[in-house]
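Have a look below at one chain only, the form predicted alone, in structure tokens format.
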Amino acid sequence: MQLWNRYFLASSVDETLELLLQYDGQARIIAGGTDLLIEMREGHRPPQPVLVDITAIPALTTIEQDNDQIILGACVTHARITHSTALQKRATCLVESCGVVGGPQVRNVGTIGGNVAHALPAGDGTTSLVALDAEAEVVIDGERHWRPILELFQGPGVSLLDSTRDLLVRFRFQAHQPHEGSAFDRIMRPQGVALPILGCAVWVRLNADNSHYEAARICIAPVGPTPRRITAVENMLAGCPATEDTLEAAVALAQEVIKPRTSKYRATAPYRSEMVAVLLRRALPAAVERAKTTMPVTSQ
């Protein structure tokens, strides 16, 4: 079975956009191909007339640290993220989430941009990017600009980006500063492929003496058609002491506001609600402990 008619290896963003324009909706972006190729082989998606491979574009394959900001190309693989010393120190939750994506073969070719562009609410890398308050640089209708990452998600599997016309270029987010830390954890079940029951990414900032929360960002997914922040818990934590009592209050509020549905592929709603508590009790203290030891950022 022939899965495509023409295959281009683009060398720049401009060349990619020119090819998409030339083929007027008949060309499709491909990076790692860990979703697209399987979907085509299994008949869930028709063969594509034209594929445009963007994995050789330098601007899409770099990890940069500019003072307190990290810029991550959309075609950086999960494996490269897990091996990056800068990300291990300055975006810990992202390293942990990318480290559980698929197996080694998938992590070696699958990209962080593909994790987002596929627009599934259970994406591990996506969950951490939301907690890191990342922005995405995109080219839509020929215009290049930055968008908050959550704007890219229109529904389950429905992206703001048209993969036959638009391009996801890179992400940016703030590196962890002193008194900031993050963590990711996941509960999953093996069922042919590893499906997450829930994943949880947490970022926190503590006050100068590390006794109280100053701010927090929490993403638990999948609990809806698109990823989202758990803002009620974030707001509750601000100003509270970083103690066991606060943790239990956060857990109770999370279980009150998060209503995961029953999924035949994941677990029942009551079980998943219990796992909300398990994940927060793991991820939140881990982020707090890391925040207590984070050193100032230095340029690399």
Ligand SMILES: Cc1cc2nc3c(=O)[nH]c(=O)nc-3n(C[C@H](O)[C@H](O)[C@H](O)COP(=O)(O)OP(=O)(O)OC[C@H]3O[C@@H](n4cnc5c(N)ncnc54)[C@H](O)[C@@H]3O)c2cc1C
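Computed from a predicted structure; not experimentally measured. Position 1 is the first residue in the sequence shown; the rest follow in order.
There is also a form predicted in complex with this ligand; it is not shown, and the following applies to it.
Q: Under a 4.5 angstroms heavy atom criterion, identify the one residue in A86, I71, V109, L160 near this ligand in the model of the complex.
A: Residue within 4.5 Å of the partner: V109.
Q: Identify, from the list T61, T246, T34, Q65, the residue with a heavy atom within 4.5 Å of this ligand in the model of the complex.
A: Contact check passes for T34.
Q: Among the candidate stretches 219 to 227, 142 to 150, 116 to 124, 203 to 211, which one is within 4.5 Å of this ligand in the model of the complex when only heavy atoms are counted?
A: Correct option: 116 to 124.
Q: Checking a candidate spot here: are I30, R45 and L167 all in contact with this ligand in the model of the complex (at least one heavy atom each within 4.5 Å)?
A: Yes, the whole candidate spot contacts this ligand.
Q: I187 versus this ligand, in the model of the complex: is there a non-hydrogen atom within 4.5 Å?
A: So I187 does not count as contacting this ligand.
Q: Answer for H78 alone: is it within 4.5 Å of this ligand in the model of the complex, judged on heavy atom distances?
A: Although this ligand is absent here, H78 would touch it in the model of the complex, with heavy atoms inside 4.5 Å.
Q: Using a 4.5 angstroms cut-off on non-hydrogen atoms, would P156 count as touching this ligand in the model of the complex?
A: Judged by the heavy-atom cut-off of 4.5 Å, P156 is well away from this ligand in the model of the complex.
Q: Spell out, yes or no, whether the shortest heavy atom distance between I38 and this ligand in the model of the complex is within 4.5 Å.
A: Yes, I38 sits close enough to this ligand in the model of the complex that at least one of its heavy atoms falls within 4.5 Å.
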